[in-house]
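We begin with a single chain expressed as structure tokens, specifically the form predicted alone.
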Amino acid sequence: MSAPDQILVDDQTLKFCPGETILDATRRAGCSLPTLCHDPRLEPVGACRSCLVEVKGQRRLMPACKTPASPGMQIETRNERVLRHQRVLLSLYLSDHVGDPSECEDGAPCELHALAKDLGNLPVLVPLQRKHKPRADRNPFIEFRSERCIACARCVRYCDEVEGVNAITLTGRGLHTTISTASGISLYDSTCELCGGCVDVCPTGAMAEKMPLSAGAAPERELEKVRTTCNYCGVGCQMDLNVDRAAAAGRGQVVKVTSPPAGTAPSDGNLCVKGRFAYDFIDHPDRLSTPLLRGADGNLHPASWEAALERTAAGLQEVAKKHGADALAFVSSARCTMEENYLVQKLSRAVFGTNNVHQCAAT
């Protein structure tokens, strides 16, 4: 290969950019390499060893996520040596993991079982006899299921490198290595912001939601994802509403919120605690589903939108006529879109002639 920016991967010539790793170059070209500890938002650590490849001239298999691509590099990702390593490695992981894929995927998809299924012909190892003690945490959103943890540290690194709060860490040694807060305290009492990023990056469902709706929902693979924009503030984070079409007597129900994959949306797959967990208002029984107008009897009665808007406009005009435009004030909802909030301030200033307009997310 004469070009200075090319590598040879499984007899396929690929271009790479300065600073890219083998994994970066292969994924950008559409090639698939297995990973369990990698996330494009995080510094690569090569902890899981599932992306090892054979590089010509190197005695050992090299981690694709940490090995920089260099001109003329010749790489094998699917030869017998690499496949043998992957099969043994995944078998070792599965020997200390929930064995039944359907039981393991009661929530988020398990990347470990998915890789094992794709690879096939794994050697069967005797399951590791290790007792996992449930660890209760009084926070209402996140739970840790140690029997599913593979100590890849994606959650710990996300908490450190993306959120910058260092709420969780790897504790213990050897067989007893696990995820915990530094002093074993509740996430409530730590620096945790309860953003749920640890749940999002976990490849095996060890970090999981314990919201009532998501706890009783169908597995995530069976849910319909609807992309939308979080309306809790003006940042515009993208989110996927996970809808269980069989829930709520067949009407469908939002049972969890997940974030898009990193790099596919302006928010880079990140959400705050409100965006990820404050979705139960959508189907709350107290939520109004139709306008209500107060009748002559003093009680509220269902009405059409046309009638409600006419009553509202008439009332606003009457106040402005009697007391002046500055007697009016407009407060828009934090759950409206930026476009809707723009129209509210335009209604206030251009139609009624007052600057008394407020929206809590715009302060």
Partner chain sequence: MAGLVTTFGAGAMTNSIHEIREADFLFVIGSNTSEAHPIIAMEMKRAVRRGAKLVVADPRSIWMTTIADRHLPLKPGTDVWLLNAMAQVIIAEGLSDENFIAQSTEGYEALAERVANYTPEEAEKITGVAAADIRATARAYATTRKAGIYYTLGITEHTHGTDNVYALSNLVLLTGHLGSRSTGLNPLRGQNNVQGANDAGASPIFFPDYQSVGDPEIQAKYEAAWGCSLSSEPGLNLNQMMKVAGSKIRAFFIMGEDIVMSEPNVAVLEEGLNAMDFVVIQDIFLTETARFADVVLPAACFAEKDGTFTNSERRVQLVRKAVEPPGEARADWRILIDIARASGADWDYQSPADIYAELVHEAPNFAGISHERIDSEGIGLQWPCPTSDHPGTKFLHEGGVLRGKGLFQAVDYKPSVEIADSDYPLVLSTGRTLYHYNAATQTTRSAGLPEKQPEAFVELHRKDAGQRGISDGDLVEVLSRRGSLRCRAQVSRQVRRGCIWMPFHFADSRANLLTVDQGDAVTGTAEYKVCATEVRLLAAAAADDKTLFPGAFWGEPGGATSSAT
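Throughout, rigid core stands for the largest set of C-alpha atoms superposing within 1.5 Å between the two forms. These numbers were taken from a predicted model, which means no experiment stands behind them. Numbering follows the first chain given and starts at 1.
Heads up, the form predicted together with the partner chain isn't pictured, but that's what we're talking about next.
Give a yes or no on whether each residue among Thr312, His323 and Phe352 has a heavy atom within 4.5 Å of the partner chain in the predicted complex. Checked in the predicted complex: all three residues contact the partner chain.
Name the residue from Ala246, Ala278, Leu119, Leu213 that puts a heavy atom within 4.5 Å of the partner chain in the predicted complex. By the 4.5 Å heavy-atom cutoff, the listed residue in contact is Ala278.
Here the chain is shown alone; which of Leu170, Ile282, Leu92, Ala114 has a heavy atom within 4.5 Å of the partner chain in the predicted complex? It is Ile282.
Name the stretch, out of 119-127, 201-209, 135-143, 77-85, where some heavy atom lies within 4.5 Å of the partner chain in the predicted complex. Going by heavy atoms within 4.5 Å, the stretch is 135-143.
Contact label in the predicted complex: Ser267 to the partner chain, heavy atom within 4.5 Å: Yes.
Within a 4.5 Å heavy atom cut-off, is Glu340 in contact with the partner chain in the predicted complex? Glu340: yes, in contact with the partner chain in the predicted complex.
Can you work out whether Val357 and the partner chain are in contact in the predicted complex, taking contact to mean some heavy atom pair no more than 4.5 Å apart? Judged by the heavy-atom cut-off of 4.5 Å, Val357 is in contact with the partner chain in the predicted complex.
is_contact(Leu288, the partner chain) in the predicted complex, heavy atom dist at most 4.5 Å: Although the partner chain is absent here, Leu288 would touch it in the predicted complex, with heavy atoms inside 4.5 Å.
Could you run down 11-44 and flag each residue that has a heavy atom within 4.5 Å of the partner chain in the predicted complex? The stretch touches the partner through Arg41 alone.
Aligned on the rigid core, do the two forms place the Cα of Ser289 2 Å or more apart, comparing between the shown form and the other one? Ser289 C-alpha, core-superposed: shift of 2 Å or more.
Once the core is aligned, please say if the CA of Lys15 is shifted by at least 2 angstroms between the shown form and the other one. False for Lys15: its C-alpha shift is below 2 Å.
Superposed on the rigid core, does the Cα of Ala249 end up 2 angstroms or more away between the shown form and the other one? Yes, its C-alpha moves 2 Å or more.
Comparison of CA distance in the predicted complex with shown form for Ser332, Phe277, at least 3 Å: Farther: Ser332 and Phe277 separate by 3 Å or more in the predicted complex.
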